[in-house]
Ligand code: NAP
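In structure tokens, one chain follows: the form predicted alone.
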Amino acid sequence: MKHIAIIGSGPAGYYTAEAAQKQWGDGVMIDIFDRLPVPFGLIRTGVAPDHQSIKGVSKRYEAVAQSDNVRFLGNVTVGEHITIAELENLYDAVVLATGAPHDKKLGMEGEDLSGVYGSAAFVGWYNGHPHFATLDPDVSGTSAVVIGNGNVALDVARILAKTRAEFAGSDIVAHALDILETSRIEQITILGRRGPHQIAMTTKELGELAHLERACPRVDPADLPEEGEDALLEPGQRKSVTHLRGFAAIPESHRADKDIEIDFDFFASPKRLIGEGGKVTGVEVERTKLDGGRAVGTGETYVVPASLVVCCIGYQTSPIPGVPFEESAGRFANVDGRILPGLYCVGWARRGPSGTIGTNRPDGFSVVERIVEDMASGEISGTHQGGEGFDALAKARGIEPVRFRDWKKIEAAEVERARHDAPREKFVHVDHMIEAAKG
């Protein structure tokens, strides 16, 4: 019997469990640990609350979780309740699927001003992540700046622009919905260092901006390349740029009917954040141009007013004591998912914050192949205690993990307390989750 520990219950963790099942069938026991009492990682707290269809992939993970040879062990923090070294002594292989939960820093003046947030914190706030439930962003100003040209930047801009009615059917948490309803924001500027051909925004997410009730997207026609150059793009990218061209062609008469403008400011590189009285008031930006695909500064600067700034420039994995870590890349040091024989990583913890949810599936199968190789070579043995050993250690330390059946109680309670137009109302405090788990 093989014993595998997976740290992290998001997509990468469950795809790895699925791959282990396909490799060893009933000959493997898999324990999936998570520091929160609830599973599914970014599916729960990262995917936009108004994108419920994407969250549907959790049904696939649930089928894996309810297998006889898979256990969910929530509310267990590696490094606090148990160390990596202890897990390595208990399991044949330990796989880190911890994602990248921390914001990459801008590294510029003014980053610590009030009103400046990283996207992990801001998205976690409106998605009900317990670590960010008390964020309480100030939306009383009229101008917001979103730094970044990816889908997360689009999510943030869209959430800031929507009316309360437009959140019907979403699982945005009540505390965020109540604050957003008081918003006085009239201008949302999305800053991108490069141009329309270099965006990392997908067609569906861009297209949604054209159908917002009170907001209208804007693109400066001068920022768009010659239309013939679009033929050089991949089909998906070409469709995204077609949306941007459509935004540029929206007549001013249509814009006049909208309360909020979402302005795409391309070739704009933030240089510093400006503040007054400790609060952000603007972003100093340098105009850029492309040089061999790279954005280089032109020396021309200007200031974009901002009472709220959300930085969507990437994420970093959390270091774990005793595990080699690449600070520059924000991920664990690894070769094809292998950190050391017996210790592996997968998903964003392996490759950094890139790719889609589905990208994690081949990652999971790849890391299981590494485990098979190390077992075949004798680098690791299949003689560990596995879950029985952890259960004994947990009992001795007074650790009471939340099991998947407990999570189902939490889920049922969230559904029961939902608003009339929402699928659930998430608990945003761990102690409330534990209370619900205990019935």
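Treat the numbers as computed from the prediction; the structure is a model and nothing was measured. One-based numbering along the sequence shown.
There is another form of the same protein, the form predicted together with this ligand; it is not shown, and what comes next is about it.
Engineer: How about G275: is it within 4.5 Å of this ligand in the predicted bound form, going by heavy atoms?
Structural biologist: No, G275 stays farther than 4.5 Å from this ligand in the predicted bound form.
Engineer: Is it the case that I179, even though its partner is missing from this view, gets within 4.5 Å of this ligand in the predicted bound form, heavy atoms only?
Structural biologist: The answer is no: I179 has no heavy atom within 4.5 Å of this ligand.
Engineer: Contact with this ligand in the predicted bound form for F264, defined as at least one heavy atom pair within 4.5 Å: yes or no?
Structural biologist: Answer no; every heavy atom of F264 is more than 4.5 Å from this ligand in the predicted bound form.
Engineer: With a 4.5 Å heavy atom cut-off, would you call T134 a contact of this ligand in the predicted bound form?
Structural biologist: No, T134 is distant from the partner.
Engineer: Counting any heavy atom within 4.5 Å as contact, can you tell me which stretch out of 298-306, 148-156, 168-176, 83-91 lines this ligand in the predicted bound form?
Structural biologist: Correct option: 148-156.
Engineer: Taking K55, G124 and L209 as a possible spot, do all three reach this ligand in the predicted bound form with a heavy atom inside 4.5 Å?
Structural biologist: Not a single residue of the candidate spot has a heavy atom within 4.5 Å of this ligand in the predicted bound form.
Engineer: Quick one: from I320, L340, A200, A329, grab the residue that has a heavy atom within 4.5 Å of this ligand in the predicted bound form.
Structural biologist: Here the answer is residue option A200.
Engineer: Tell me, out of I250, L233, A333, L106, which residue has a non-hydrogen atom within 4.5 angstroms of this ligand in the predicted bound form.
Structural biologist: Only one option qualifies, and that one is L106.
Engineer: Using the arrangement in the predicted bound form, list in sequence order the residues of 380-410 with any heavy atom within 4.5 angstroms of this ligand.
Structural biologist: Read in sequence order, no residue approaches this ligand (within 4.5 Å, in the predicted bound form).
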